[in-house]
Each structure stands twice: as structure tokens, then as C-alpha cells.
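Take a look at this one chain, the form predicted alone, written out in C-alpha cells.
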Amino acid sequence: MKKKIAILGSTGSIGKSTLEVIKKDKKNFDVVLLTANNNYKKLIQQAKEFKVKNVLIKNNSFYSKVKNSLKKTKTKVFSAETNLGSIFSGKLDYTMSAIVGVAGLQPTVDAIKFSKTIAIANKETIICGWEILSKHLKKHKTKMLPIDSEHFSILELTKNVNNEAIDEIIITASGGPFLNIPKKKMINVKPEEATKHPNWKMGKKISVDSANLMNKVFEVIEATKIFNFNKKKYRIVIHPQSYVHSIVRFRNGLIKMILYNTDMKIPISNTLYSYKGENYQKKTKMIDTNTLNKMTFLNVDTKRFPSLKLIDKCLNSGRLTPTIVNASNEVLVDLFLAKKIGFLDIVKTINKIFKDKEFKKYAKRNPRSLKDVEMVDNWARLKTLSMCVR
């Protein structure tokens, strides 16, 4: 029996990788929903190639174009106002949540209601809305699987392990494109330099986050939400080769790590196939001893990467602090990519937010609904813009 699959954000890098996995084994999958925001041309092409039953285009200005292009197919086209739950009867086997940024929070909450398993590749959704997501996961008995390589690896390493059995959890960071350049030159970094990740092919926003290690700030926060381990046990180590994704040091003296090539289709396919080994690749590559011999690990220089000092602030300044930091960072990355602020201004401005007189009022709120998260998110965005645009 075919697995019924939905992909939220199918035209992004994770969405496209998920479809690449499915393409290798179409007979076992039925793609019943694809969603996109603006890339309607890619959405149309995907709908035709995979004979998708339903598509949803978030930007209503493209609705008629998608509708007209698919009118001779059996694909139903929905607009932004459509509630995802109204499209289906019964539960889907698997939903990939790959919408970038906090915009993915509401669709993910909606998807939980009609999914047996939801795979989340959107760290912003987890760090901003975990308190709400976790309630819905429990209520609807939906299994959540992390797709980020680091959290996927931690999950693999810590199955059936409790907090007392672990001494340390290490999340690796490549160090990005600026690991070895003189620090004084980072003040003049250009967007096209920051978006050239040495190991991964990613979108511009996540590439900038990787360049200043803001992505690792969010990954530690995400890990503390997903896993029931003491937040003080997490540490970040620079690993330029991006071959080892997480390392766990156990109290019994053992140290375990997960290694695999820089290919997001690996965690995607493992979650899609429920870890049964019937991977779309069929044959895995032999271990490259040259790669193993070149592996290096370095302590993080917080003078080069001051963003990491934000981790403790995010974890100890109130439940909605991660929401504030995420919103501010999204605004600042956009401004940097538009060449309106400098690369180093991103972290400097986020630190200024903590000193704002209204910060505590918003950071310490207890989020009871998505509206609470949205309100704080909006405040942080407006405050950040007011600090940058004079």
C-alpha cells in the first residue's frame, strides 16, 4: 500500500530533496499535497511530474496561473485561505514541514492534525512554537522526527537513553566561509561571500546564519526543546569537513558519533522509510579513508563567532526569547543581503534587543496560542527595524 505524503514548502531545497527521494521509488508513495509560497512555476512542474492530487499556492496573486496550468490534470488547486485539514479525510502517513522561517509555524500546527508522522526541517518552527507544537503532537498522537542533520543524529545516538547516562552532547559546525580569514576583514564581508558555504548547498538566509554561526545558536535551542536532556550538556565544536554531525559522550566511557556525507537526502530518506534500511540509494558508498584521515575538530573562537554568547541568553531570559532573537535575525539577514547593514551588525543588533526597556515584558510571556507567538514576533521585527532604519 502506498504511503500518503504531503510536503509543505516543496519548492525549497528540503522539499525538492524529499521529492528526489520519492522519485526513485514512486510505486511506494502517493504525493497528495504540495505547497509553495511564490515559486508557482516549480510547483506546477512538480504537480505534473508526480501527479499530485492537491497543491496549495500561498501567494494568491499566482493562484489563477497555477489553476489554469493544471486545469487539464486531476490536481486540485487551493489558495492561501484554505485550511489544510479541509483537504483530507483521515490521516496521512508522512508530512514534511520545510517552509522556511517562522512562517512555517501555523502550517506545521495544522499538518500535525492530519499526519501520523511529521518530519520538521524548519528549526524556527520548533524554537518559536515548541510549547504549542508539543501539545498538538500529544493530542493528535503524531510522531515528530527532526530532519536537521544534527538533531537527526542526536536522535539516532540517544534512542532509549536517559539524561543520567549522558555526560555531553556535541553539535558540530563547519565554521562556514569565514573560519580562517583575518577577523578584521569580517567587517567588510559582502553578501555574496557570506552565502558561499564551503560544504552545503543552501538558501541565502541559512547560508548567512551558517557564516556567523547563528544557525548553531538556534540548533542548541532546538535540541533543548526536542530532547529531554539537561541544556548544560550541549557544546559546539568546529568540524570543517561536515562529515561528523553529532557526538555523544556517555557516562559509561563510550563516545559515539554519526558520520555521513553532506547530503540532506540521507536523513530525509531514513525518516521517510521509517529507518528500515530500504533506502532510496539502495547501495551506500564505501567509507572514504581519505576523508577520515583529514577530519579535524576545533574549539570555537567566540571572538570570531560572538553569536554563540547568545545561547545562554536565549535559554535563560524567558520562554519567548528565542522567538525574539529569531525574528530579529530574520530581519537583520534580509537587511544584510540587501546591503543595508554590515555582516557584524547582525549579532550586534540582536544584543541591543536584550537591553531594550520592553524586552523582558515580551520575552517572559507564557505562549498559550500562536497569536501570542505572532505578537512577540511582530514586536521584535518592528523593534529591530527601528534600530537599523533611522
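The model shown is predicted, which means the values in this text are computed figures rather than measured ones. Counting begins at 1, following the sequence as shown.
Separately, the form predicted together with nicotinamide-adenine-dinucleotide (NAD) exists; it is not shown, and the next lines address it.
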Checklist entry - Among Ser10, Val100 and Ala103, does every residue place a heavy atom within 4.5 Å of nicotinamide-adenine-dinucleotide (NAD) in the model of the complex? => result yes
Next on the checklist: Using a 4.5 Å heavy atom cut-off, which residue among Met264, Ile132, Ile166, Val244 comes into contact with nicotinamide-adenine-dinucleotide (NAD) in the model of the complex?
Outcome noted: Met264
Checklist entry - Which one of Met202, Val189, Ile171, Met144 is close to nicotinamide-adenine-dinucleotide (NAD) in the model of the complex, taking close to mean a heavy atom within 4.5 Å? => result Met202
Checklist entry - Heavy atom to heavy atom, is Asn37 within 4.5 Å of nicotinamide-adenine-dinucleotide (NAD) in the model of the complex? => result yes
Next on the checklist: I'd like to check something about Lys123: if you look in the model of the complex, is any of its heavy atoms closer than or equal to 4.5 Å to a heavy atom of nicotinamide-adenine-dinucleotide (NAD)?
Outcome noted: yes
Checklist entry - Looking in the model of the complex, any heavy atom of Lys58 within 4.5 Å of nicotinamide-adenine-dinucleotide (NAD)? => result yes
Next on the checklist: At 4.5 Å between heavy atoms, is Ile206 in contact with nicotinamide-adenine-dinucleotide (NAD) in the model of the complex?
Outcome noted: yes
Item to check | One stretch from 310-318, 224-232, 68-76, 114-122 that, in the model of the complex, holds residues within 4.5 Å of nicotinamide-adenine-dinucleotide (NAD) by heavy atom | outcome: 114-122
